[in-house]
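As structure tokens, one chain now follows by itself in the form predicted on its own.
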């Protein structure tokens, strides 16, 4: 198949799959989601993504229709039906279905999965980013379907011919529209704390682990826009970007002062992805 859509057991091409308008994802964006890269039909770090979506569902009192094990097996089976070596897997769990009412429905959640061919980005090509005010609510740590501020932020980046837009809240950098952002300064990795203002990304956690393994001190603290501009290197992390450096912020040239450390971190993350998803004959 050229792509695949799944909704509560129904499988077909994405454009052929429909969901009822009574699904609370349609009314309220009432659900949680996650996404994972896949190579050679092996989803990368799938258990981490599944653990996160179930944790997020629990925080919102959403009852998933499957166990973690069932969802993992389902995704591993579905990716085999889609053409291509590398694929992007998106999945979300909504609260359930019912006539529109703000109060919870007492039903099991609905499961939606979409899979399409997609190659991993060139992780070594530095990117341009721009900044925007962080106007999001106080639950950014939960990966919900309510993404309007992130959508506007992503469009802001596109309008400014940038790859990402960086949220700034009260003078402090939080994250990007669909990725985390960290800095290297004086040989240390600095990243915003995993509080209610950022999503604790799986690749962000991987970056921290790799840094610690290489005896790079990791500091989780708030840092300002001025500190971002002055950083030795800026690192944007996500499942599809892995760990990309930044060359400009709002048109100002940045980074380029610790490229050896940047490449060390990039290599470890990227080659772990390659090695983990190799076919073992």
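Keep in mind it's a predicted model, so treat the numbers as computed, not measured. Numbering follows the first chain given and starts at 1.
Form predicted in complex with pyridoxal-5'-phosphate (PLP): not shown, discussed below.
Shown alone, this chain has one stretch from 155-163, 202-210, 93-101, 72-80 that lies within 4.5 Å of pyridoxal-5'-phosphate (PLP) in the model of the complex by heavy atoms: 202-210. At a distance threshold of 4.5 angstroms between non-hydrogen atoms, residue 107 is out of contact with pyridoxal-5'-phosphate (PLP) in the model of the complex. Proximity of residue 191 to pyridoxal-5'-phosphate (PLP) in the model of the complex: non-hydrogen atoms within 4.5 Å are absent; the residue sits far from the partner. In the model of the complex, at least one heavy atom of residue 143 sits within 4.5 Å of a heavy atom of pyridoxal-5'-phosphate (PLP). Contact check for residue 178: a heavy atom falls within 4.5 Å of pyridoxal-5'-phosphate (PLP) in the model of the complex. Taking a 4.5 Å heavy atom cutoff to pyridoxal-5'-phosphate (PLP) in the model of the complex, the contact residue among 33, 223, 54, 26 is 33. The listed set 185, 116, 126, 136 contains one residue whose heavy atoms approach pyridoxal-5'-phosphate (PLP) in the model of the complex to within 4.5 Å, identified as 136.
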